[in-house]
Structures are given as C-alpha cells and as structure tokens.
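Look below for two forms of one protein chain, each set out as structure tokens: first structure 1, then structure 2.
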Structure 1
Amino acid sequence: MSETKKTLVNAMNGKASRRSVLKAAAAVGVAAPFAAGMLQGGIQSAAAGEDGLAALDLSGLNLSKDYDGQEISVILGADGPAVAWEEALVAKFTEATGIKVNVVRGPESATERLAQYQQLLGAQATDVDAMMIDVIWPGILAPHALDLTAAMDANGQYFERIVANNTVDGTLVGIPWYTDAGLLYWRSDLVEKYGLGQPETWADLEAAAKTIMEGERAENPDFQGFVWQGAAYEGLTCDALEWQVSNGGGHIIEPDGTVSINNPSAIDAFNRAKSWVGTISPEGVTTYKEEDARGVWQDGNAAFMRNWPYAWSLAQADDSVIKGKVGVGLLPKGDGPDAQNAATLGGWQMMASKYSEHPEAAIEFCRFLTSEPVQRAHAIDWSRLPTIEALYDDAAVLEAQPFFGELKPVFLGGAVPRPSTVSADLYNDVSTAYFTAVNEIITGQADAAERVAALETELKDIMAEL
C-alpha cells in the first residue's frame, strides 16, 4: 500500500492528524470536504475504488438470531442488472440471521407493480412477507402494513421529509430505502465534439440534441437526440410533472387540494414534449419505460437521456461503451417567468405485510435492507441515493458518485413530490388520469388544450370522492 493510501486508511481508523489526511487526500485527488468527512469517523474502509458489498460491515446492526430457520418471501426490484448483487446481499442477511429469504421479482412498471400488490394484499395473502413500495404509495397501502417505527435503524438520521411521507395515522408504513430524483444525462464527449455545453433550457436541449443527432447519423443511422419515459404508466407522470413544473405550470394538484393542471404553461410544456416525438426522440419513445430509454443510451445511441440516478453506475461500468463519456446534472428549465429546474421525487421504502406469518423475521429484513451500512453499499455499487443524510458526506460514496455531492441540495429536499399526500388512497386514480391524458397528447391522439381541460374535470371528480 502506498504511503498516501496508508495515511487515508489510518485516518479512517482515527490514527492520523488532520493535516496529514488532507495532504494525502489531495495527493490521490480526494477533495478537501470529502477528506474532512473521513476525519469525522464512521468510515470504515478504504476510500479509493471501494467495493461497497465487499466492505459491508453489519456488526453495528445486531441482527437477531431469534428467527433462525424461518423462511420469508420478499418482493424486490424487477429482473435486471442488479439481481446478482441483491442475491449476494440477501445471502449476507441469511448468514447473519439464519432467516431464509425467497426473493420475488416484481414488474418494472410501478403501475403494474401496484396492481400486483393490491391483488396480493387485498386477498390477505400470507405468502409474501415484505416488499419494496414506491414513495407515492403509503397512503394506498397503509391498511396492509405493519408499523415499522421501532425497526428503523436508530443509528441513521433518515430524511424527515420521507419519514413524514411514509407515516400514515401514526404508523410508519415503510422505512426509507433509497430516494430518487429525475436527472439529465448527456454524452460529454459529443457535447464537446460539437462545441456545446450542458443545456440550461429545454430550447437549448432541443438545439443540442438536433445538432448532435444530425452529425452522428452520418455514421450511425440509429442515433437519437433525447430518450425518456413516454409510456402510459407512472414513469410518464414523473417526466411530465418535470416538464410542467420546469415551465412554471404547477403541480397537477397543489398541496391544498386545488386542481391546478389547466394552465397555459402546463399545456405549452406538453406541446413541447409532443414536438420531440419523431424529431429528436424516436417515435417509439411514447412506449418507453426507464430500461427502454437506458437501453438506447447504454448502447451509445443517444445524446441525452432523462432517467434516475441508477443509470450512472451502469454507464460507468467497465464493460460500458459509454464509460467516461457521460455527464449528469439538472434537467433543463422552461422559458416562462416562473421557469425553474425540476426533478421529480421518487424512491422506495421497505414495508412488512400485516398478513405475514413471520412478522418479526420480515421486520428484521426490512431493518437490514434499509440500514446505514446497506444503503452505503447500495450507493457505492449502484448509485442509489441514500435516505440517510450522513452518507452524502461519506468519502467512499462521494468518490464512487461525485454527482451526489454536486446535487446534494436536490437530493436532500429540493425534488418535487407528486401529489400523493393530498390525494391519499386515490393517488393512483389521479396519476392514471394524468399519464393517460399526457400520453394521448404526446401521441397526437388529443389536442393538448382540450385534453387538459377534460383532465381538470376528471381530477376534480376524483378529489371530490376523498
């Protein structure tokens, strides 16, 4: 080990002076604030290129062995690149507790996933013990959830905003696992090649996407300007909310219950998105979910992409054709007077089912998955945003994911929530009405102004049922 690295490791073990740490950190390119983080303690392993899962330290969690031999089923993410990692993580839980975990894969679409959960929970099925739930669902799933207040890792300072979001009538329906915020990804190599910068407005993005696309198509006829999520499902609600908020078009339903959708800035924002289809974006974008967009992007066939933070780690993987050629930052603003950058707030929590026959084991699993050490590994290996603030100052996390530091204000509270608190158990009706209307607009089946007026009536009717 080099002297420099030794000093950093000593720092993490509390054995080096502040001065020597900052010097050593500078020598390996760790910025001073991150190095200072190492001095605050709590960081247990080497900073440079750390493997989050290998470094996972569960010793502080005191996982219980009382449920040794029990078997639980847990619904986690869709089938995808993270499966092997999750299986290895779950094996560590089994090793520590003796609880056998059968991991069930859920649908990629949040909309389909909710339908599946409602069917299972509505039937009071005992064969699923715990599941990951979307940040917009606590109000819908609360009747089926065990209270997890006592299980939330007392060592972690979880984001209060998300804990409040997940608390329904005093019950903690889900422990925050990771949060999400919509981001713009761009091909830094191509932005540079064409003498462009990071787009600040949607008009900038359109112009840049067009320039790069036209240039690249000379050699690659499949090349696209901008890919995003346009299918009629929850993901489109997220993208479309960003378009309208960034254009000063309100939040669909405001926190006081006012249905605010029918306004010119929102209508303009939808018309703008419609103009992308078949120009800078493929016709097929109106059927895309996250992984469809990322597939085009990851193959090196798009200049810009809207997606969640997970796409960063995958782009930077050793076998990625776009490794080292990717920039990430805020989504653009619109052009009106109230224009602003907007990122929809997403994210997932762990819920334990009220119908579980092994509630203690299920709760222990939720506690494990959402704990600080697991969130740290998830952040390092998969660029999943932690829900524990201290991890945004963790040197190894920041080294793996430098954009966590840059975008910290967005991740720590600046992201825009969907109107799920105000619509409570009717949120899915609200979102379905919204994404259906927006999808009809962007596919050219409906005129934006007329369709938004009809949507306003639909949303008012839904809210009247509350």
Structure 2
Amino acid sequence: MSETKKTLVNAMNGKASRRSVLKAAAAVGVAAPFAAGMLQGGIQSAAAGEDGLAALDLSGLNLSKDYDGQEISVILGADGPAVAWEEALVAKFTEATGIKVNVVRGPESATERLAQYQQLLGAQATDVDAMMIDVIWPGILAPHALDLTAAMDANGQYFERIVANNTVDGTLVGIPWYTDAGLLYWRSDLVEKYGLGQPETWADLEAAAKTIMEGERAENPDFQGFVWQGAAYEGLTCDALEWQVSNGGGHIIEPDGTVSINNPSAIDAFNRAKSWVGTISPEGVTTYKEEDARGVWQDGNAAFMRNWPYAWSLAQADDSVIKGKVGVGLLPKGDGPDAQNAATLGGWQMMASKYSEHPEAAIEFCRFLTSEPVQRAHAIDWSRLPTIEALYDDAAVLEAQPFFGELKPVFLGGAVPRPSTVSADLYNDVSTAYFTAVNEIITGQADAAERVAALETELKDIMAEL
C-alpha cells in the first residue's frame, strides 16, 4: 500500500492531519475540495449484523481466493446508521476472499459526490478502486469504468431497464446494487372511510383527493389532497417525467437522441399538474422537495403523496401518527392515447475504476456487493429495493418488507430512466432546462405550450454539443 493511499485512507479514519491529506491528494492530482470532503468522513467499526446479515450465505457465490492479500479502497455511502452494517458485510467479504477492503465514506450530497468522483477519476488516481454511483451517472463516468458485464452475468437476472440504463456503448458501467422508483402513498384509513379505492388514473386521484380533503377539512383546515415535489430541482425532473410518460408524452429525449418533449400529451400532463396547485395541492407545493412533502404527509395532513420507497419505513415508525394507516403502490396513469403507469428510476450501482491497481479484486467486490444473497440481506435489514427480480418473490424479504410484492411490476415495466445515458456529461444541463421550464409552467409564469416549444429548442441546442 502506497504512502499516499495510506494517508488518504487514514483521513477516512480520522488518523491523518488536514495538511498531510491535502498534500497526499495533490500528489495524485486530486483537488482540495475532494480531500476536504474526506476529512469530514470517517469509518466506524463493524458491529453485529441484523437478521438478514446474520443469515447471509455466500456459499453459492464461488468468490475467488486468487486475490488473497490484495488491498482495495471503495467509496460507499455517507456516514449514517447503516455504516456498522456495511462494515460487518465487508468483513464477511474479506473472510471469504482474503481481500482487504478500506471503506471510504462519500458525501451525502449527490452533487458533491459526483464532483469528487470527476476530480478523482479525471486525475486517473489509483487510490480508489470501486465506488457506488447514482443511476444518472453512467453516461458521465463511462470513460473511467471497467466493463462489469461478466461479473453481473455470474450473479443472476437483474431488471433489464436498469441494466440498459447502466450500459454505455456496450460497456456495463455499473452493476445495479439497489434501486428506487417513484411511488404513490395514500392514507388507507381515509380511503376506506370515504369508500374509495387505489387511484388507477390521475383523474381518479384528483377525485379521491378532493373528496377526502373536503371531508377532513371540517376538523383539520390544513388538510391537503395530494403532496409532491414541485421545486425547481432534480426531484421535479423525476415527478414531471412520470406525469408525461404516464400520459403517453415521451421521455424528454429518446434513447436515439431525438428530443421528443414538444407533444400534446406532455403539454396536457404539465397543465394537469398546474391545475393541482391551489386545489388538491397547497400553493407552496411548487417549492416542495421530498422531505417537505413527507413532512406534511407524515404529520397526518394529506391524503396522497408521491415519494420514494424510503418514506414507507419512516411512516411506519413508532412515533409516526400515521403508522398502520398507509397504502403504497403504482403511480396513476394519464388519459392520453399511450397512457401507462410510470415511475422514475432511481438507485445506486457499483462501478470499478479502470485506474485500479487491483482490477480483478475491485470487480470481485462489486460482484459480491450486488449479489443476490447480499441484496436479500440489504432488503431485510434496511428496506433497500433489490435489483434482482427473484427477490421480489423471496419469502424472507416479503416477510420483512410486505409492500415489496407490489413493486415488482414497477421495475419489470413501469420504471422510467431519465435521459442521462443518452445525454452523457450534459445531463445536468438537460435536467436543469427541463425542471426550470416545468416549474415555470406549474407556478403560472409561462404558458405550457409556449414554454415547451422553447424547451425543445434549448434541449436540441444542448444535444448538439455532444
């Protein structure tokens, strides 16, 4: 292990001075912001595993011992409650393979994390061998990634849409680790109280939200029908993509690079969302992010909510006023000619750096972390949605997370990737143009048809830069 690597790893453990970290970072061409971010990290020692980890069986993986004694560094999640669990998991990998793994804690902010990755990989630094990457980054990071196709194929059957999202010019940039998708949550007690059912279409949702809202406001004037993410940020890109795809309005930019945003079904979807503001949704929803929506919902002040799967376990916490009163399922369809259920795809993948000095060991770790037994344990202990289809029918997983059974159709056919692979390193420009335009529509600052026509021109100009 090089002295530079030791210093960088020690930074994660809080055992190196700020000056020595910055000096070591400079030695491999890593910018000061990345090094400063490392100083804020820290590795926690492993702790006993929970139910899924305790039952982890790696015998069927045939993990290689050919790399016994090699040492790699991997960037995983930010500091948090799952750190000890991940460290215990990594210890099992080392026990099985003899490969020592130094775990680096990345920043919580995805924007900061991507910037750090780009600095590190741009410098072709050898000090990090593998890393978790967001589902919208394969097109950006592809030039720095090893092809993981063979490793993934050895593990089993992953959801095809996620694999396609992670494949750039025939190279599998990342093996799907755990996934996310937009979901509809509802107050099951109130749906039952008013004799309603799960909304199948957006029109159904509007009618149900209005009925429940009007009934509940007799005792709670602050009660809302539907909360979602309307602020001008990446979350609105996710919501708005669901609206337009569910209404048959295309995917913003199609996989072949065609800018498809300017069509009547997409425009109708945006106008529909605009009509929610101030009626079934609060005026302030146009400033909401995920936690703003969840706050209103979990305080018992909304009938329906669009959010990610993480909100389920929080709603079921002992201190939640809506514990035991939550339904969750697919987002509604629109009423356009090609209407379908649609849920924007999220989640994380494992990537191996092409600059690694131990590429085989890095690939073996990526295969391990994304394998079926590890994903099973991750689902049972931390409610992480698997990327392997069979686990949605797994008895142990469903016993721990019963609502997972409702989500298999989402990833089989309804999960919609953002146009990040096709737009590569220009995706941030694409998304910013998109969510800015949609926010202007839903806040009444712009006419939908005119603004979408202007957006089409913006997106064509961006794609012309590729």
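Remember, predicted model here, so these are calculated numbers, not experimental data. Each residue is numbered by where it sits in the sequence of structure 1, with counting from 1. So that the term is clear: the rigid core is the largest set of C-alpha atoms that superpose within 1.5 Å between two forms.
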Give me a 1 or a 2 for the form predicted together with alpha-D-glucopyranose (GLC). 1
Large Cα move at residue 193 between structures 1 and 2, threshold 2 Å, rigid core: no
Relative to the superposed rigid core, does the CA atom of residue 379 travel 2 Å or more between structures 1 and 2? yes
Is residue 164 one of the residues whose C-alpha moves 2 Å or more between structures 1 and 2 after the core fit? yes
How many Å does the Cα of residue 94 travel between structures 1 and 2 when the structures are matched on their rigid core? 13.8
On a rigid core superposition, how far has the CA of residue 140 moved between structures 1 and 2, in Å, if you could check? 3.2
